[in-house]
Structures are given as structure tokens and as C-alpha cells.
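Quick setup: one chain, the form predicted alone, written in C-alpha cells, and binding and motion questions come after.
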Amino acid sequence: MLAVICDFAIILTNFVHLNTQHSEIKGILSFPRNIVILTHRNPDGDALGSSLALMRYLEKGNHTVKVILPSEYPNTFSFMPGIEKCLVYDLKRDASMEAIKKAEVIFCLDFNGLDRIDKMGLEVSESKAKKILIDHHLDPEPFADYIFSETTASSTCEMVYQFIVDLEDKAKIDRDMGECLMTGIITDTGSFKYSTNPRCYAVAAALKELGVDDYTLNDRIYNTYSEKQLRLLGHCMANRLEVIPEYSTGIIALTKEDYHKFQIGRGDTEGVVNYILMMDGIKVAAFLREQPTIIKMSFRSKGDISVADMARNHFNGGGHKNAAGGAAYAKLEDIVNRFKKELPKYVDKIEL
């Protein structure tokens, strides 16, 4: 009985805390402000969708809003309403920094630490603006004044929808916002294959009721590969895929030479890691890319295998249980060997 009372007390405390946060934020947004929305480097569908939907919502409240991306976004997402308004820090550094300096409110979406926004992180940490974090990754850093962190959420887009609802502004969510939010939900769940929850489907249903065409969105997101991307994918599968059957694992490692041969650009390798998991019996996928000065890594897994733990403990990264990433300044061969060495700690060996 005591345990039940304690659990209820915790739930009640969290409920009161969230209500207080929403009430204070409603006060902050009750008159026009200069607002900046930030998301992580190499923005994906969830980062872009949540940022653009929130931008449109805030503009309806007569706020001056700028979305700033640390780096360019994949051309795949160029269809998203409002994306042409975004500032890209790598291309317009002075304008980006000036916007942050003028900001009275800064929203931080889809990232849990200031290192994810590169050099803008220092400017944000020193800013006197009210900072609001909305994110679904593990272990958020306590740099924001208001933190909305839900690791069970499918996506930050799901959370932004709920954030607007909790501000009692559901009626302001229109079809354009819905397209942005649905894009993030589709991409972060792999078209509802993982990281889903009941609210995720409820939000998707509400967006469908607004007229959002999820079929068309899926077509725009997944059926716009270029010839170069398909040839690269074929190269990955035919020449770079290594299977470790006793650990139900597949690895693809792209070299600098591969980048040069295929003229790989931003977004060209998007989704490659997911193809590894399509093989029967494969439970862990690793996709390593040798870039000029750093090795980038993407990890995926099925079931109870936590690639987030592996990324955090060995590869300076993190993420979700079944989808994580990392980076290291080392030789590609050394990182591949390190991954193979650490693999038995996270995956049970099977007898073949």
C-alpha cells in the first residue's frame, strides 16, 4: 500500500510540475517575442518537422521566429512547408549568431546537449533568453529553464504536437503543421515500425483528420532516391557488407575512397543502416563512415539489445535503445575492430 501511495505522489508531483511549466510558458508567449528555434547538426525529418511546425505555431501568435540549423538539410526534405525560411549556420554564421543574441526565447528541439549544435552552443549557454528544451533522447543536459523530456515518445514531433495541445492551442494546428509533424513521426519510427506508443498513433490519427496525406509523405521521403544513391546502396551491399552470424550482426564500413568514387554528399547515405536489419536473423546493424577527420557511426538493433549503451560506453555517442550513433577520431580499421571486440558484451553468441 505504501508503494502505491508513493507512486501516486510521484505522478501527482510530475503532473503539477508540468502544469506549472505550461502555465509559465503561456505567460512568456502571451505577447510578441523574438524567438529562435534550434535543432541538431545534420537535421533529419524529426528535427526539421518539429522545428517547422513549432515555427508556424509561434508565428500565429505574432512572434518573430527564426529556425537555425547548424548544417544543411538533405534535399529529400525540401518539400516541407516553410523550410526555405531556415537559416543554416554553416552558410550564414553572422546572421545566425545575431539572431541568437537578439532572442528572448530559445527553443531547443530534438537534441539533449549543447554540443549537438556545435559553436552555437556557447552562445546559447551564455544567452539570457528563456530556454525551452523539447526532446526524446536519454539524459538531457540541464541547460534549459524548461525541460520537456520523454524518452518513450516516438519523436520530438509527437512531443511538439502534445506541447501545443497542452498550451490549449490545438485549434491552431493546421495541415501544413500537420505535414511537418507527420514527416518527423514517419521518419523517426521508420513508418511506424519501431519506437511507437499509443499516443503516437493518436497524434497520427489527429493529423490525418486535418487532411495530412501520409501516403504522399512516405512517397516523398522514401521514393526520391537518385541514381547515385541507388548505386551507392548497391556498392554497400555487394562490396562493403560484413556479416557476423554468430552475433546476429551486420557491418558496413565506407572508406574515404568510397566517398570520392561516389561523390557522396549530405544525405546520400541516409537510411543505409536500416537495410542491414532487413536480413533474416540480423539483430544488430553498424554503419561506419570514414570522413576527412572523423569516423561517424550509426547503430540499429532489434528487441532488448541496447545500441545506445554501446554507443555511449565506447564511441562517444548515445541515442535510443534501438537507434544510436557515435563518432571517433581514429582509423576506420581500428573502429571496426573495436566494435567487434565490444559486441559480445551486448549480444549473446549463438551456436551455428
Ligand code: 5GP
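One-based numbering along the sequence shown. On a predicted model such as this, the values are computed, not experimentally measured, just so you know.
Omitted here: the form predicted together with the ligand. The next part is about that form.
Looking at the ligand in the model of the complex, residues R300, H320 and A324 each place a heavy atom within 4.5 Å of it. Only one of 309 to 317, 60 to 68, 47 to 55, 23 to 31 places residue heavy atoms within 4.5 angstroms of the ligand in the model of the complex, namely 309 to 317. Under a 4.5 angstroms non-hydrogen atom cutoff, the ligand in the model of the complex lacks K131 among its neighbouring residues. Although the partner is absent here, K283 is not a contact residue: none of its heavy atoms lies within 4.5 angstroms of the ligand in the model of the complex.
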